[in-house]
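As structure tokens, one chain now follows by itself in the form predicted alone.
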Amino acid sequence: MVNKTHTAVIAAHADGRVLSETWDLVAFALQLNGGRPENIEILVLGDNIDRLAEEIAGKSGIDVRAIFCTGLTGYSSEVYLSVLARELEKQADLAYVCAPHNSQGMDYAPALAARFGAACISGVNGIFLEEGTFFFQKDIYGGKIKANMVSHTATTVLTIQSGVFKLDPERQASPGGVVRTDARFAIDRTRFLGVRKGGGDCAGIAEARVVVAAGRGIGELENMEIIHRLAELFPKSAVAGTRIVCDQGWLPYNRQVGVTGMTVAPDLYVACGISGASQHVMGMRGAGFVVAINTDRQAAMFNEADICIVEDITTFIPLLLEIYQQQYNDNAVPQAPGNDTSGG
């Protein structure tokens, strides 16, 4: 029997809305606590966060501590670290701190662990209990191996991968309470200059029913042509890529899928030459059906795929396009004599 312990969840929000990572954290914390909301508290930091706190408490059924940081209109690692450390120190039986495995959580979580002298396990995507001990699962070696890790410190800071733990849609819970507190903070080393969003419209890959994504394994820029040609076979499709593809300038950053890019959930996701690192997988785990094409039989992407194709994309995709075109021509309606616009 596991003793009850206190779990703190750090809510993720931006632009006045609760991010999906928050609900993933809530689902994880509930699983960690046997489905019970007791001994779990959600902390939300920022300015004008009343509505956010009420929304989180209402949907999660868990008590929320709304920490008002007047003037904190954007994320600041300096503020998050100082305020969270001060607030969490008040909890004598603190066992777990759960943060999102996004650019913000990965920024402050290790520093927070160092402040507490706590263990820090990042990128958690699984959990199981064995003989009274919690084991936390994460991907290592680029996603090719899953490691089960145990913490030996009184407090453990965890970052949780998004898209893995989901709240039960049929779960009924009474709204949690909201406790409001004001936090004083001083920013000495950093200064928030605002957020500059990348150019272009991200709606293309976010709304596409089919996403064809390119990774480092496509080889060279010239091979992007066949990626685009493959995407053209499908209605409501879009081309996306991993961070390395965008870093090389082969696609704009608004086409990047992953923890530092977009999160997509198309009906079909075709991964071309993508190794399957956890940072990318986090952005496409909600896809309905996944096809992976890679020459590496051990590619971690194959663990996420419904169909695995071990082949070079420069061989497989042109062959697929050729077969499609042949079948299209064979099934075409013959043109009526003297009428060039019919058929096809």
Partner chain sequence: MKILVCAKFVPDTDHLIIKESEGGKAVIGDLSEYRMNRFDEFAVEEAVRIKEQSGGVIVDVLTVGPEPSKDVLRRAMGMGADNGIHLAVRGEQYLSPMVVAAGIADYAREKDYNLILTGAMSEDMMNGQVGPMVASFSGLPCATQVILLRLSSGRRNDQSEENPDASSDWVAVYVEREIEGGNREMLEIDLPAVIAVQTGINEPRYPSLSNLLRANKQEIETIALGGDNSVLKAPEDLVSTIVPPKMRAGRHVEGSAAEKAEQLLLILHDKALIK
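What you see is a predicted model; the values in this text were computed from it and never measured. C-alpha atoms forming the largest set that superposes within 1.5 Å between two forms make up the rigid core. Positions refer to the first chain, counted from 1.
Absent from the display: the form predicted in complex with the partner chain. The rest refers to it.
Partner-contacting position among Glu207, Asp107, Glu89, Asp93 - heavy atom within 4.5 Å of the partner chain in the predicted bound form: Flagged contact: Asp107.
4.5 Å heavy atom contact, Ile140 to the partner chain in the predicted bound form: Contact with the partner chain, yes.
is_contact(Thr314, the partner chain) in the predicted bound form, heavy atom dist at most 4.5 Å: No, Thr314 sits far enough from the partner chain in the predicted bound form that none of its heavy atoms falls within 4.5 Å.
Any non-hydrogen atom of Thr181 within 4.5 angstroms of the partner chain in the predicted bound form: No, Thr181 is distant from the partner.
Ser151: touches the partner chain in the predicted bound form, heavy atom cutoff 4.5 angstroms: Yes, contact at 4.5 Å.
Answer range among 51-59, 281-289, 65-73, 28-36 for contact with the partner chain, defined in the predicted bound form as heavy atoms within 4.5 Å: Partner-contacting stretch among the options: 281-289.
Residues in 120-139 close to the partner chain in the predicted bound form, defined by a heavy atom within 4.5 Å, in order: Stretch hits, in order: Cys120, Ile121, Ser122, Phe135, Gln137, Lys138, Asp139.
Residue shift check between this form and the one not shown, rigid core fit, Phe316 Cα at least 2 Å: For Phe316, whose C-alpha is compared between this form and the one not shown after core superposition, the shift is 2 Å or more.
After fitting the core, Gly143 CA displacement of 2 Å or more between this form and the one not shown: No, shifts by less than 2 Å.
CA of Gly283, rigid core aligned, shift of 2 Å or more between this form and the one not shown: Yes.
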